[in-house]
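Form predicted alone, single chain, as structure tokens, below.
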Amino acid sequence: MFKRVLIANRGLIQANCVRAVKELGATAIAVFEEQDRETAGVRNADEAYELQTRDASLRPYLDLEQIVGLAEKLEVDAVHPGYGFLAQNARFARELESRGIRLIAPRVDGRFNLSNKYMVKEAAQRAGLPVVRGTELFSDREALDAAVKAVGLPLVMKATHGYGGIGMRVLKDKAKVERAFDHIQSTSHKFLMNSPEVFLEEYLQGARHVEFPVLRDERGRTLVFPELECPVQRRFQKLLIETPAPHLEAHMRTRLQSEVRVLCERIGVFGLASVEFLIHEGKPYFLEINGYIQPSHTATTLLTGVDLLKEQIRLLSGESLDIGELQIRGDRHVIGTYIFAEDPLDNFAPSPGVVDRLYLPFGEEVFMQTSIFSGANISPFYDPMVAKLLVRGRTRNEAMLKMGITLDEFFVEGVKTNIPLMRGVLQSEAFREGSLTAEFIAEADNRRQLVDSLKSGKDSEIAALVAALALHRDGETLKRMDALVAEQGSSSVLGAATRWLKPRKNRPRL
């Protein structure tokens, strides 16, 4: 096992990695920029070092040379890249390993090249997996017109390297193709993906998105975990996950698990990876292999009892996979929602700022992971995900009920979040039936409809009172609010709002 591990990331994944490294008995080392000094990962790390902004056009977490230099100076055994930033940067891996430092990321036949989407797609096709119809690689505008004609609209344009939706665009209008091409290339340069080549694929309207986490050690032992479904997404980034996937036929699950195993063994995957498929009109299509720890890893851990993050670190340190298929639990249902500091009613515009107050939900089989706290500053420069909220039930219906109640109890003041949207999703008939698609959430009117579905006539009166109380906190408003509580009962929303906005007593410091 490694002795010293540097986590080259920030936010929630940094906090998760710090905990995993410490639980494995190693020293967890965090890096941070000034505004992240008080975050959970930095506070809980064994050691923490501030990164300097050496180039105004380059955020410190993307400063490859600075992070590599620091890792060498601190004599670490390994670097965990988390997800995003440098997690799929082949040059970063080479620079570290030339100094004898292991990057905790999967390999294919001993090389760090899972980040190349097109090469992995070709490998899957050679292994006999069905793939989405598409074009070959190209890097100049002159090839665009012929490529679009070959695939037809709607289509997906993909950079050869990318993550979390970066480097991907859905195109339904031919007039926007050239602009999307330029945008992908500029984004590639900004995030150091250095991916001037793109390819086009047919866009499968209404397809279901499922993925299978896989662990594979250096000796070739392979473990394929139960699938996750990602029915609610925005810009290819997950907002809600479920495991196991509802309404996935047993024969399809068995087939896909077998294909995942064959592919990983054929191309020689080593470490933790996630193999993704689209299911369209009852037919599966290989999508990609993600070569970094997924935010959804926590859902798999809650379902199966296997800590994927710790297993990833263990395997990359050279230890063997010591978990058998029979040890994996799968008799529960897990639903996870990702909470973002953004406004879904304003095209998911980020909502940076200071978290004034924070009330976190709790309960049996309710699992909360967050890196924010009252007084935390949410940066405008980074991914706005601030929390993962997960619940586990004996059945899907029980998990849905738990999640609905839990979202009602989750309050963040000071910044906008997608909590109201997720509450609307949980209460929608489409989600309950398993027919909700990413296309539905992409439409602004549909998002507003989901949020508005939570409201009633009384809600408007309550909202007005809450606003008045927030502004004035006068005795008359307080009396009216108390009367409403007496009339309607202390429902979770009304009661919490009342407690939230009443003047707080000064309390002595502990």
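All residue numbers refer to positions in the sequence shown, first residue = 1. Just so it is clear, the model here is predicted, and its values are computed rather than measured.
What comes next is about the form predicted together with a further copy of the same chain, which is not displayed.
None of 180, 323, 143, 119 but one reaches within 4.5 angstroms of a further copy of the same chain in the predicted complex through a heavy atom, and that residue is 323. Contact with a further copy of the same chain in the predicted complex, defined as a heavy atom within 4.5 Å, holds for exactly one of 218, 398, 197, 202, namely 398. Residues of just one listed stretch (269-277, 309-317, 122-130, 435-443) have heavy atoms within 4.5 Å of a further copy of the same chain in the predicted complex: 309-317. In the predicted complex, at least one heavy atom of residue 364 sits within 4.5 Å of a heavy atom of a further copy of the same chain. Though the partner is left out of this view, residue 406 does reach within 4.5 Å of a further copy of the same chain in the predicted complex, counting heavy atoms only. When a further copy of the same chain is considered in the predicted complex, residue 172 lies well away from it, no heavy atom lying within 4.5 Å. Among residues of the shown chain, residue 232 is not one whose heavy atoms approach a further copy of the same chain to within 4.5 Å in the predicted complex. Using a 4.5 Å cut-off on any heavy atom, the residues of 1-22 that reach a further copy of the same chain in the predicted complex are, in sequence order, 12, 15, 16, 19, 22.
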